[in-house]
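Below you'll find only one chain, the form predicted on its own, shown as structure tokens.
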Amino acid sequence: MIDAQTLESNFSAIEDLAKKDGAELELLVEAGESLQLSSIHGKLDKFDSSHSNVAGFRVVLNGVEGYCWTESLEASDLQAAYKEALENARFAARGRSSESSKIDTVKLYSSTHKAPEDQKLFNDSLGKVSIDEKIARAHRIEERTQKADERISSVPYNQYAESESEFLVLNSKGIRARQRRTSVSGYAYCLAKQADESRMAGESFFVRNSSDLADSYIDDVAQAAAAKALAKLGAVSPETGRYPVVINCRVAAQLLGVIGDYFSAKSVAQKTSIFSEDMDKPIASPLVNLRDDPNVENGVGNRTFDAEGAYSKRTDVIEKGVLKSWLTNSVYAAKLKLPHTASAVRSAKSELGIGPSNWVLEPGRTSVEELLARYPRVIYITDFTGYHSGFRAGSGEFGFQSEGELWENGRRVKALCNFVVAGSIRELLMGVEGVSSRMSKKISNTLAPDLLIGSLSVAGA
């Protein structure tokens, strides 16, 4: 997708310009091809094929950053983007006091260690499958979900998608890093109807090799989507009160993605993390162990280097409930005098930030069925919605619209809907009394087990 030799030559020419300008230079290039297909009532509803190239410059002049991006990899356009980034750095430096300049001085990352490309993250399988077969897969996702049960009235949201991408980082300190990726993914969200009641639920999938997507795989996704929707029929609102709550592993993974920024050194510096003052203190139950792991088997977020080209490694963030580390990029590691965890993230169009490869909340040894039988009456959460409107990041308080099930004495009694689960992230983490051995599916870069929380507020009927 990218002519690496020509790009290197063009970058070298711009490096010479940057040297004359007294600037440090970083170039991040993203290229990709993607295909998205969906089927409605047995007919192809969406056929979206796209190709993109984006080059993003990050220029550091006298310790101040400037950014600019271009969708062209031609030499003249790259040079124009560099000059614009340089001017942006000059503009950003205006009005800064000498004291703030000393504190916020930025340097580009440099290392003698080269991060290798992970050969497991890409393959040539997409080109071996015909477009007719890809369309047929999209149809099968809808058709088999529709036929899973007579109560499934439609599959209004479904998709088959695949992509090939390439990511390169080059800088004037000698960094040269490249990673290619292949992915095949999709989902089916279906509507179950019974009398005047309608309920929707879905299931997703992710694989790296197109050859792995056998018919049985699509059947499993279709059956799971239908089963989830059907399980919601007959739902009622629970009585208001405090209940032991088991959070489904998929929902726990989603919640982990929402709160992950609390463990960024940038959030600590900007005082937006509720845990800013809690290093080496208990912030969760001793059952909670959280890590950033760039090498999960078949992990969606796997990487050997971050957005600065720094070699990625595992970082244990919470150990037995105690906060042990922040995630850092090179800038915030230097600014806050913290270990460098190689957690830089950015796209070619964005500024440098901090983020995980794969968030992994470690599993326990207990089945989810045992967690649901721990108390005489338990609410099992199968869905949280309204993560943005129901979560107040500044305080860590939340009130999520929820769906789930009532369990009594280890048995499912009925489906639940139209209720709000409320509390705080601190309360939730400290209240973990059980962690299941089951992990969420690898469909995103957050992985978690089912969690038993001893008591949470439920507002229902």
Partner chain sequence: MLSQGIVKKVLDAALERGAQFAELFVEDTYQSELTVVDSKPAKALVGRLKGAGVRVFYGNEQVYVTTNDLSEAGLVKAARTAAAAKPQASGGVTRKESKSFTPTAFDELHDYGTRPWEYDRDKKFRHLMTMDSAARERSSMVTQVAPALVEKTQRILVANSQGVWAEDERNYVRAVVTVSLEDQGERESAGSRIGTLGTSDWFESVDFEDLAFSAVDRAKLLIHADYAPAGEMPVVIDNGFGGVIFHEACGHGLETTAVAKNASVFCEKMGTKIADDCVTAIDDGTIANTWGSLNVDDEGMKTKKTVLIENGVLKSYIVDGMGSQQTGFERTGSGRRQSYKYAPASRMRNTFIAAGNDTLEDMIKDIDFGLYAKEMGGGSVSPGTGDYNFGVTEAWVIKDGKLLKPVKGATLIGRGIETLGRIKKVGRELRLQDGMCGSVSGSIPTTVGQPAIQVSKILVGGRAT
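Predicted model only: the values in this text are computed from it and were never measured. Numbering follows the first chain given and starts at 1.
Unshown form predicted in complex with its partner chain; subsequent notes refer to it.
Checking 295-303, 209-217, 83-91, 175-183 against its partner chain in the predicted bound form, the stretch whose residues place heavy atoms within 4.5 Å of it is 83-91.
A residue is said to contact a partner when one of its heavy atoms sits within 4.5 Å of a partner heavy atom; residue 369 fails this definition for its partner chain in the predicted bound form, lying far away. The closest heavy atom approach of residue 70 to its partner chain in the predicted bound form falls within 4.5 Å. Among heavy atoms of residue 388, some come within 4.5 Å of its partner chain in the predicted bound form. None of the heavy atoms of residue 144 is located within 4.5 Å of its partner chain in the predicted bound form.
Proximity of 22, 24 and 257 to its partner chain in the predicted bound form is absent: no residue of the three has a non-hydrogen atom within 4.5 angstroms. Scanning 253-289 for heavy atoms within 4.5 Å of its partner chain in the predicted bound form gives 269, 270, 271, 272, 273, 274, 276 in sequence order.
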